[in-house]
Ligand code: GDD
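Below you will find one chain, with nothing else, as structure tokens; this is the form predicted on its own, and questions on how it binds or moves follow later.
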Amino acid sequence: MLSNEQIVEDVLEYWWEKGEDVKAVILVGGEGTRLRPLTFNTPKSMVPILNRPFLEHMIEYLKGHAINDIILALCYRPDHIQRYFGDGSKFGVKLTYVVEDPPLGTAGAVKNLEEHLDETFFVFNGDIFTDLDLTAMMKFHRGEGSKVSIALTPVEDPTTYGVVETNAEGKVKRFIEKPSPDAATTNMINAGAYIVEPDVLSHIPKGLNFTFERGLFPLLLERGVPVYGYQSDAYWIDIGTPESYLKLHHDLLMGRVAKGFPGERAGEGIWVEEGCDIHPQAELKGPIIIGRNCVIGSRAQVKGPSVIGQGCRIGKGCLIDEAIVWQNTCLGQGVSLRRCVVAENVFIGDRSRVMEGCVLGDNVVVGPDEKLTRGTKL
């Protein structure tokens, strides 16, 4: 298997052969309504994945393909993102921010960046996590003479997505939005990653809300513009719901995607960041990540796959089982969390139970001896 350094060298060689400084646009303007209550105070792209913002993982992924010039299309709470990432130099990239007001849709947001886009570029929806081979996708795009290439991924049930029908060479024939089971001719769906030639932007109306999926792509087919689908079985997930957000954590922790973890290894599948105070009678069973400056009390149990954010206080006799806990959350004694998501600055009183599928937003207070039934959102 090639090392990361070899992969980057191969990618750079390919870009340089083409004389390109490849740019990527990431669409991070959405409000993340499906992820509420986690996104009431936090932009979707800033929700923590393994204790780092989701967008930081995306930037790291692009860097791995030698894409260091990144444009962020912002709308909802842009200050959160700009304050954290700055000009990008801390993360080894160049970041350009363009804020849209009002929202312009996926294609309209890219049209709004037109002055920055004079060469072939990538576009990514800001809520997908993937290890798609971008270099191979670019080679396909060039080889087919495509004006737009759409990453396609297979799903078990295509009826809840927009499916993309292609011919044997990968040329897109039509788009079918949320087909019935008998009308679904393929299980390949739009994966939210594109390669676009800059002259395509002339087909997008300026200043209007216009989407790729329902606006631009069908229009290009009507006008005979070559659009291709790049099929891949790479890991892919849309983190737009609490269920998929939790699933991504479990997949990463269980090793279904190659990913490094923060902190020092403190046992089999256990990573602990600095400044933690873990009682010797606490029971830790990996895979788990414990963030900086956490306190875990006597006889507390943390069972993976679980993540605990920095500055958390886990009381005596607590149980955290396949749960994600954001930073600065406090659990009293005997609290039980099972397969749920708890946001930051939450307080849960003694002996309370938070059951599977529950989602608690920022600053929620749960009193003692409460039981939050399956699927509760606060």
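Numbering starts at 1 and runs along the sequence shown. Superpose the two forms; the largest set of C-alphas matching within 1.5 Å is the rigid core. For clarity, every value in this text was computed on a predicted model and none was experimentally measured.
One more form of this protein exists, namely the form predicted together with the named molecule; it is left out here, but the text below deals with it.
- Contact annotation for the candidate site: I289, A343 and V366 all lie away from the named molecule in the predicted complex (no heavy atom within 4.5 Å).
- In short, of 259 to 267, 276 to 284, 154 to 162, 130 to 138 it is 154 to 162 that has heavy atoms within 4.5 Å of the named molecule in the predicted complex.
- None of G88, P198, P205, P103 but one reaches within 4.5 angstroms of the named molecule in the predicted complex through a heavy atom, and that residue is P103.
- Proximity to the named molecule in the predicted complex, defined as a heavy atom within 4.5 Å, singles out one entry of V272, I189, L95, L248, which is I189.
- Proximity of R174 to the named molecule in the predicted complex: non-hydrogen atoms within 4.5 Å are absent; the residue sits far from the partner.
- Though the partner is left out of this view, G126 does reach within 4.5 Å of the named molecule in the predicted complex, counting heavy atoms only.
- When the named molecule is considered in the predicted complex, Y228 lies well away from it, no heavy atom lying within 4.5 Å.
- Proximity of W236 to the named molecule in the predicted complex: non-hydrogen atoms within 4.5 Å are present.
- If you take 67 to 81 and check each residue for a heavy atom within 4.5 Å of the named molecule in the predicted complex, you get A73, L74, in sequence order.
- After superposing the rigid core, the Cα of I176 is displaced by 2 Å or more between the shown form and the other one.
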